[in-house]
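Presented as structure tokens, the chain that follows is alone, the form predicted alone.
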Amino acid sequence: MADVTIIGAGVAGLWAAHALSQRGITPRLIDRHGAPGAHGCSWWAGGMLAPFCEGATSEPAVIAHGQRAASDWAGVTEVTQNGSLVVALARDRAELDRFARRTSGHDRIGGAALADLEPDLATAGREALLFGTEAHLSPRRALADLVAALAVKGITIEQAEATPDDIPGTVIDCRGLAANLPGLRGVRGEMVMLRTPDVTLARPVRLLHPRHPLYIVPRGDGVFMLGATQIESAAPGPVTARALLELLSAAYALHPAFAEAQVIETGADLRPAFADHVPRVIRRGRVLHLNGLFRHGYLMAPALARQAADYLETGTKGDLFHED
């Protein structure tokens, strides 16, 4: 514990540094790009802290650990706890029924109840699932707040190229796909930022669709982040025309006013994932790998960092811990 170096200053690396700092340890923190930015998938995240929604497709560990995420983040940055809303178009109501069966922690609402929560989404016959305990945050603000909190404790980001082989002592490797771990693959995520004064949302909204599922996260001041939940492709590069068309078409189906919104930013990146989509702390000799965060980066980074710090401090091996 006297000599710990963290490689990678995305959400996993920053949380690893934060978890160690809470135990009186001042790690060295290195990233080849320096401070967080558009070079990493943490920059393009939705920032939804939605463990129960994720239960539709995720393993129980994600649901269990994710329930602590909002309180963990609230100690670092601003967290909005207005819940999450899941909706479907009238023709896709079966998708909503299926999602309800696969998840817990929700109430089914419609009519006046939906109009009270989200007036702009209340149309005749529309129903939704309200996950009232869920939350969201602004990822870029959260990253900046984490960096600032670490700086107060004397931990700054050193811009340098490094691998675990270059560094003596204990290393926590948070480089994502660059770590080249067995079984790790890239899953493409794509997003677009829109600005419109004609739509108001108080919470993240997931639109269920058999081909083009979509989530929309309000950022305030009429700005919304639209994202595709999961694209099984490891192709790098910017957003494709087809993806942008599908995102905007889905948003228009949710609310026609999105057709007149300004497109202010687009982005895409590859998220590291294992086959079961559960993040892991993997020990390989003196190196701990925090990896496989998939689309659960902000939801699971605090838990992953906590288990890594527990192991280094006391030898405790949590349920996310693996040895290679």
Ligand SMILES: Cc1cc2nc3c(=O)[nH]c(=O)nc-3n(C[C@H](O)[C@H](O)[C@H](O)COP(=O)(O)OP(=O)(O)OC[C@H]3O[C@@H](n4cnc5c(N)ncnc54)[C@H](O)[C@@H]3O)c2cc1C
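The numbering used is simple: start at 1 and walk along the sequence shown. What you are looking at is a predicted structure, and each value in this text was computed from that prediction instead of being measured.
From this point on, the text means the form predicted together with the ligand, which you will not see here.
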- Query: Using a 4.5 Å heavy atom cut-off, are P27, L146 and V287 all in contact with the ligand in the predicted bound form?
  - Reply: no
- Task: Please check if A90 has a heavy atom lying within 4.5 Å of any heavy atom of the ligand in the predicted bound form.
- Result: no
- Message: Taking any heavy atom pair closer than or equal to 4.5 Å as contact, tell me whether E118 reaches the ligand in the predicted bound form.
- Response: no
- Task: Look up in the predicted bound form whether C53 has a non-hydrogen atom within 4.5 angstroms of the ligand, and give yes or no.
- Result: no
- Message: If we define contact as a non-hydrogen atom of the residue within 4.5 angstroms of the partner, is Y215 a contact of the ligand in the predicted bound form?
- Response: yes
- Query: Picking from 119-127, 92-100, 76-84, 189-197, which part of the chain touches the ligand in the predicted bound form when contact means heavy atoms within 4.5 Å?
  - Reply: 189-197
- Note on the structure: Heavy atom within 4.5 Å of the ligand in the predicted bound form, from candidates L150, M225, V205, L208, belongs to M225
- Of the residues A162, V239, A113, L248, which one places a heavy atom within 4.5 Å of the ligand in the predicted bound form? A162
- Heavy atom contacts to the ligand in the predicted bound form at 4.5 Å, residues of 27-42 in sequence order: I30, D31, R32, H33, H39, G40, C41, S42
